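First, one chain by itself in C-alpha coordinates, the form predicted on its own.
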Amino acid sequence: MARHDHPIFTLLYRALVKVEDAGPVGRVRTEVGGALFGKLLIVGLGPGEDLHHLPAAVTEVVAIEPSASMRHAARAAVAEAEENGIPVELIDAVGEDLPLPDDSVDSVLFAYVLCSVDDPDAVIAEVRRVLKPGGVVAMLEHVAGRPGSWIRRWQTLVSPVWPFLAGGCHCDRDTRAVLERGGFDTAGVEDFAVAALGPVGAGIKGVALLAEPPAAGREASPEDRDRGR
(Lines give C-alpha, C1' and ligand atoms only; values in the text may rest on other atoms or scores of the structure.)
Protein backbone atom coordinates (compact mmCIF):
# COMPACT_ATOMS: atom_id res chain seq x y z
CA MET A 1 0.00 0.00 0.00
CA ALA A 2 1.96 2.91 -1.39
CA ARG A 3 0.82 5.64 1.00
CA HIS A 4 2.05 3.57 3.95
CA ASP A 5 5.48 3.04 2.43
CA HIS A 6 8.39 5.21 3.64
CA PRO A 7 11.56 3.63 2.20
CA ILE A 8 14.03 6.07 3.77
CA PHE A 9 12.42 5.65 7.18
CA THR A 10 12.55 1.86 6.69
CA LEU A 11 16.32 2.00 6.24
CA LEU A 12 16.76 4.14 9.34
CA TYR A 13 14.33 2.12 11.45
CA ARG A 14 15.88 -1.19 10.45
CA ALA A 15 19.27 0.05 11.68
CA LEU A 16 17.73 1.46 14.87
CA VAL A 17 15.97 -1.75 15.90
CA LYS A 18 19.21 -3.71 15.46
CA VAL A 19 20.89 -1.39 17.95
CA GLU A 20 17.90 -1.42 20.32
CA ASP A 21 17.73 -5.21 20.25
CA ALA A 22 21.06 -5.46 22.05
CA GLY A 23 19.79 -3.32 24.94
CA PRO A 24 16.74 -2.86 27.16
CA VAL A 25 14.25 -2.74 24.27
CA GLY A 26 15.39 -6.18 23.11
CA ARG A 27 14.96 -7.57 26.62
CA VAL A 28 11.45 -6.13 26.80
CA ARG A 29 10.58 -7.66 23.42
CA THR A 30 11.48 -11.07 24.86
CA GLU A 31 9.57 -10.38 28.07
CA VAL A 32 6.42 -9.27 26.27
CA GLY A 33 6.65 -12.09 23.74
CA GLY A 34 6.59 -14.65 26.53
CA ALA A 35 2.80 -14.32 26.80
CA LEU A 36 2.17 -15.27 23.17
CA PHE A 37 0.93 -18.67 22.05
CA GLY A 38 -0.81 -20.61 19.30
CA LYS A 39 -1.68 -18.80 16.09
CA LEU A 40 -0.21 -15.33 16.50
CA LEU A 41 -1.25 -12.15 14.69
CA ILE A 42 1.47 -9.51 14.46
CA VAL A 43 -0.01 -6.15 13.50
CA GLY A 44 2.74 -4.19 11.78
CA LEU A 45 5.62 -6.65 11.30
CA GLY A 46 8.09 -3.93 10.33
CA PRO A 47 11.55 -5.41 9.66
CA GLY A 48 10.59 -8.54 11.58
CA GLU A 49 12.69 -8.00 14.69
CA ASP A 50 10.05 -9.58 16.93
CA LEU A 51 10.14 -12.94 15.16
CA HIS A 52 13.29 -14.16 16.91
CA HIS A 53 11.82 -13.21 20.31
CA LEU A 54 8.82 -15.53 20.01
CA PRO A 55 8.41 -18.37 22.53
CA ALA A 56 8.05 -22.02 21.59
CA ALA A 57 4.32 -21.80 22.40
CA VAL A 58 3.74 -19.88 19.14
CA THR A 59 2.87 -22.39 16.41
CA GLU A 60 2.29 -20.08 13.43
CA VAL A 61 2.29 -16.39 12.57
CA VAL A 62 0.13 -14.25 10.35
CA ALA A 63 1.72 -10.82 10.01
CA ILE A 64 0.17 -7.64 8.63
CA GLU A 65 2.47 -5.06 7.05
CA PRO A 66 1.25 -2.40 4.56
CA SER A 67 4.72 -1.05 3.74
CA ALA A 68 6.43 -2.72 0.78
CA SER A 69 9.88 -1.64 1.95
CA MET A 70 9.25 -3.06 5.43
CA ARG A 71 8.05 -6.36 3.96
CA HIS A 72 11.24 -6.50 1.92
CA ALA A 73 13.31 -5.71 5.03
CA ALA A 74 11.59 -8.53 6.94
CA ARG A 75 12.40 -11.27 4.42
CA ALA A 76 15.47 -12.59 6.23
CA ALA A 77 13.69 -12.65 9.61
CA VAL A 78 10.71 -14.46 8.08
CA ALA A 79 12.99 -17.05 6.46
CA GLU A 80 14.82 -17.60 9.76
CA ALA A 81 11.53 -18.09 11.65
CA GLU A 82 10.36 -20.64 9.11
CA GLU A 83 13.69 -22.49 9.32
CA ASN A 84 13.06 -22.66 13.07
CA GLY A 85 9.66 -24.27 12.52
CA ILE A 86 7.32 -21.27 12.74
CA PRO A 87 5.36 -20.74 9.50
CA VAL A 88 4.86 -17.03 8.73
CA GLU A 89 2.21 -15.63 6.39
CA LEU A 90 3.05 -12.02 5.54
CA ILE A 91 0.09 -10.01 4.19
CA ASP A 92 -0.09 -6.58 2.57
CA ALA A 93 -2.94 -5.16 4.66
CA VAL A 94 -3.75 -2.61 7.36
CA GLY A 95 -4.86 -3.19 10.93
CA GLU A 96 -8.11 -1.31 10.36
CA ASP A 97 -9.25 -4.01 7.91
CA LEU A 98 -7.78 -7.38 8.89
CA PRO A 99 -8.27 -10.06 6.21
CA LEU A 100 -8.99 -12.71 8.84
CA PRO A 101 -12.13 -14.52 10.04
CA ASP A 102 -13.76 -13.85 13.40
CA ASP A 103 -12.23 -15.71 16.37
CA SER A 104 -9.30 -16.97 14.31
CA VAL A 105 -6.15 -16.10 16.31
CA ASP A 106 -4.99 -17.05 19.79
CA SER A 107 -2.77 -14.07 20.51
CA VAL A 108 -1.86 -10.67 19.07
CA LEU A 109 1.33 -8.63 19.22
CA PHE A 110 1.68 -4.87 18.87
CA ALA A 111 5.28 -3.62 18.93
CA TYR A 112 5.74 0.06 18.19
CA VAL A 113 2.86 0.12 15.71
CA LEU A 114 -0.24 1.69 17.28
CA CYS A 115 1.56 5.03 17.12
CA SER A 116 1.50 4.95 13.33
CA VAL A 117 -1.85 3.45 12.33
CA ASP A 118 -4.45 5.81 10.85
CA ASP A 119 -7.26 4.85 13.25
CA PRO A 120 -6.15 3.08 16.44
CA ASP A 121 -9.73 2.59 17.66
CA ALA A 122 -10.62 0.77 14.43
CA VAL A 123 -7.51 -1.41 14.74
CA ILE A 124 -8.44 -2.45 18.27
CA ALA A 125 -12.01 -3.21 17.17
CA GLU A 126 -10.66 -5.46 14.42
CA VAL A 127 -8.31 -7.21 16.85
CA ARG A 128 -11.20 -7.84 19.20
CA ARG A 129 -13.14 -9.36 16.29
CA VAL A 130 -10.41 -11.84 15.25
CA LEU A 131 -9.17 -12.76 18.74
CA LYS A 132 -10.51 -16.01 20.17
CA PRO A 133 -12.11 -16.03 23.65
CA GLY A 134 -9.30 -16.42 26.16
CA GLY A 135 -6.77 -14.86 23.80
CA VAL A 136 -4.18 -12.27 24.78
CA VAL A 137 -2.90 -9.02 23.33
CA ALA A 138 0.77 -8.38 24.13
CA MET A 139 2.30 -5.00 23.51
CA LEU A 140 5.36 -2.85 23.57
CA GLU A 141 4.37 0.68 22.59
CA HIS A 142 5.61 4.21 23.10
CA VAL A 143 2.94 6.60 24.35
CA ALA A 144 2.30 10.11 25.60
CA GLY A 145 4.47 11.03 28.56
CA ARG A 146 2.99 12.02 31.90
CA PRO A 147 1.55 15.57 31.94
CA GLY A 148 4.25 18.02 32.98
CA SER A 149 7.12 15.59 32.35
CA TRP A 150 10.09 16.56 30.19
CA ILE A 151 9.14 13.83 27.72
CA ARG A 152 5.63 15.26 27.37
CA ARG A 153 7.03 18.76 26.81
CA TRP A 154 9.37 17.38 24.19
CA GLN A 155 6.48 15.53 22.51
CA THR A 156 4.39 18.69 22.42
CA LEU A 157 7.25 20.50 20.73
CA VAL A 158 7.93 17.92 18.01
CA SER A 159 4.48 16.38 17.46
CA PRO A 160 3.52 18.64 14.50
CA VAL A 161 6.49 17.40 12.44
CA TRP A 162 7.19 13.99 13.96
CA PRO A 163 4.89 11.97 11.63
CA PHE A 164 6.76 13.34 8.60
CA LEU A 165 10.13 12.43 10.11
CA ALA A 166 9.21 9.02 11.50
CA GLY A 167 7.08 7.19 8.97
CA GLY A 168 3.69 8.40 10.18
CA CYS A 169 4.43 7.91 13.89
CA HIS A 170 2.49 9.97 16.43
CA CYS A 171 4.68 10.21 19.50
CA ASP A 172 1.97 11.30 21.95
CA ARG A 173 -0.92 8.83 21.63
CA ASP A 174 -2.75 7.57 24.72
CA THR A 175 -2.72 3.91 23.73
CA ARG A 176 -3.87 2.62 27.11
CA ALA A 177 -7.09 4.64 26.71
CA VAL A 178 -7.55 3.26 23.18
CA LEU A 179 -7.34 -0.30 24.51
CA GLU A 180 -9.81 0.41 27.29
CA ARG A 181 -12.27 2.04 24.91
CA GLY A 182 -12.02 -1.08 22.78
CA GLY A 183 -13.06 -3.36 25.63
CA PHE A 184 -9.69 -4.55 26.95
CA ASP A 185 -8.59 -4.79 30.57
CA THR A 186 -5.17 -3.12 30.90
CA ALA A 187 -4.41 -4.17 34.47
CA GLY A 188 -1.53 -6.24 33.07
CA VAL A 189 -0.04 -3.29 31.18
CA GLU A 190 2.61 -1.21 32.93
CA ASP A 191 4.55 1.96 32.23
CA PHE A 192 8.24 1.94 31.42
CA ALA A 193 10.71 4.43 30.03
CA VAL A 194 13.87 4.46 27.92
CA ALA A 195 15.24 7.96 28.40
CA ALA A 196 17.68 7.68 25.49
CA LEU A 197 14.75 7.53 23.04
CA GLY A 198 13.71 11.14 23.69
CA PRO A 199 10.16 11.94 22.54
CA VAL A 200 9.42 8.21 22.15
CA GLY A 201 10.98 7.33 25.50
CA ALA A 202 7.73 6.89 27.44
CA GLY A 203 6.17 3.49 26.90
CA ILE A 204 3.84 0.76 28.02
CA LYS A 205 4.44 -2.98 28.03
CA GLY A 206 2.50 -6.05 29.04
CA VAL A 207 -0.65 -8.00 28.28
CA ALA A 208 -4.24 -6.84 27.82
CA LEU A 209 -7.19 -9.22 28.10
CA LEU A 210 -10.76 -8.86 26.97
CA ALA A 211 -12.70 -7.14 29.75
CA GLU A 212 -15.41 -9.13 31.48
CA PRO A 213 -18.95 -8.21 30.38
CA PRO A 214 -21.29 -6.75 33.03
CA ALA A 215 -22.60 -9.36 35.45
CA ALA A 216 -26.08 -10.76 34.70
CA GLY A 217 -28.82 -8.65 36.21
CA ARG A 218 -26.59 -5.60 36.62
CA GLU A 219 -27.13 -2.60 34.39
CA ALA A 220 -24.04 -1.65 32.45
CA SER A 221 -22.32 1.53 33.65
CA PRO A 222 -21.40 4.28 31.18
CA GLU A 223 -17.82 2.97 31.34
CA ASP A 224 -19.01 -0.55 30.49
CA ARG A 225 -21.07 0.76 27.60
CA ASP A 226 -18.08 2.69 26.29
CA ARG A 227 -15.89 -0.40 26.41
CA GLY A 228 -18.49 -2.42 24.54
CA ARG A 229 -18.61 -0.14 21.53
Ligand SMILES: C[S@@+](CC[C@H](N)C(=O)[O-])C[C@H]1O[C@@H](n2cnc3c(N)ncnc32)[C@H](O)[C@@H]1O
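A quick note: this is a predicted structure, and the numbers were derived from the prediction, not measured. Start at 1 and count along the sequence shown; that's the residue number.
There is another form of this protein, the form predicted together with the ligand, and it is not shown here; the text below is about that form.
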item	value
Non-hydrogen atom within 4.5 Å of the ligand in the predicted bound form for each of 37, 126 and 180	no
Sole residue of 78, 158, 94, 105 within 4.5 Å of the ligand in the predicted bound form, by heavy atom	94
Answer option from 111, 151, 73, 137, heavy atom within 4.5 Å of the ligand in the predicted bound form	111
Partner proximity in the predicted bound form: residue 89 to the ligand, non-hydrogen atom cutoff 4.5 Å	no
Residue 118, heavy atom within 4.5 angstroms of the ligand in the predicted bound form	yes
Partner proximity in the predicted bound form: residue 66 to the ligand, non-hydrogen atom cutoff 4.5 Å	yes
4.5 Å heavy atom contact, residue 17 to the ligand in the predicted bound form	yes
Location of the ligand contact in the predicted bound form, chosen stretch of 199-207, 54-62, 181-189, 41-49 [non-hydrogen atom, 4.5 Å]	41-49
In the predicted bound form, residues of 8-33 near the ligand [heavy atom within 4.5 Å]	9, 13, 17, 29
